[in-house]
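First, one chain by itself: the form predicted on its own, in structure tokens.
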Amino acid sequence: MITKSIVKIEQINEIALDTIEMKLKTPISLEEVNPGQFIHVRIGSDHAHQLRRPISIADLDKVNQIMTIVFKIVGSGTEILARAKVGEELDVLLPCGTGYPIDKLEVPKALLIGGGIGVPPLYYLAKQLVEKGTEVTAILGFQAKEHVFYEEKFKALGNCHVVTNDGSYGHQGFVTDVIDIESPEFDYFFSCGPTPMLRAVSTKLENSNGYISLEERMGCGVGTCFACVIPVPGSATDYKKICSDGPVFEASEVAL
């Protein structure tokens, strides 16, 4: 159940160019939060930014009720959020959306494919998969070396390949190029990132079992405003709501 809560900022770190990691202390239990879900954050205290910002959950420390989020500074709202100080409180809705249904799946080997700010939710997913005994391979795509983060965290969990668009670090090119080069074995793929990347991944792996998570600006974040719909394949009238039906979907469930 989605709950409105006030969380306290415990740590703030800039982990890559314009990329902020924030650790939040929550007063409510995190036991029911699943990998792939997100929080909806109110920005500031005035009416300048009336729409909350959806930010995916990168990690959880359920014992100490600490939640880690990672976001990129892309506009005035995230600039304000990045200037917040340790000890300040944030008004959030959590947990929002549906996560990766890994409790229902048998996944001996998993391929995780993340792009940019789509990488963070895959980290908590990777930790949960490894706890289940899954062998994890990650492919992480970034624009350039200065944008790379969480490489060592993923390497601690399994194989990890980094690719940058300009070749300034790791492989040069796109995540799909690394799939061709490395030909990783997997039973399911899990991907999160910008829509063009998800489209390319879904097309390349169309004969494989997989789940994708969509990045999208949202209105209400709880499925009432229809501001973040995406069409269903083969239908001109059927849609899914990214905020409440997703952001995680089976790869063939929506038309990118």
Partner chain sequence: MSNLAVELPGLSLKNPIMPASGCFGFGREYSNFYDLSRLGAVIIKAATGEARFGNATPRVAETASGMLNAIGLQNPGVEKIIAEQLPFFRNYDTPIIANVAGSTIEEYELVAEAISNSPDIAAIELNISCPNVKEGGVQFGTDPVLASEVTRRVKAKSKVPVYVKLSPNVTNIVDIATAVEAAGADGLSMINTLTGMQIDLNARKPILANKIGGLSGPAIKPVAIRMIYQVKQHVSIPIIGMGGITTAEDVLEFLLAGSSAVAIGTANFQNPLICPEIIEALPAVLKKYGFSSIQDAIGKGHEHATANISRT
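These numbers come from a predicted model, not from an experiment. Positions refer to the first chain, counted from 1.
What follows is about the form predicted in complex with the partner chain, which we do not show.
Although the partner is absent from this view, Ile28 stays clear of the partner chain in the predicted bound form, with no non-hydrogen atom inside 4.5 angstroms. The partner chain in the predicted bound form is not approached by Ile6, whose heavy atoms all lie more than 4.5 angstroms from it. Shown alone here, Thr203 lies farther than 4.5 Å from the partner chain in the predicted bound form, counting heavy atoms only. When contacts are judged by a 4.5 Å heavy atom cut-off, Lys23 does not count as touching the partner chain in the predicted bound form.
Stretch-level contact check against the partner chain in the predicted bound form with heavy atoms at 4.5 Å: of 55 to 63, 212 to 220, 184 to 192, 30 to 38, the positive one is 212 to 220.
In sequence order, Phe226, Ala227, Val229, Ile230, Pro231, Ala236, Thr237, Asp238, Tyr239, Lys241 are the residues of 226 to 256 having a heavy atom within 4.5 Å of the partner chain in the predicted bound form; the partner itself is omitted from this view.
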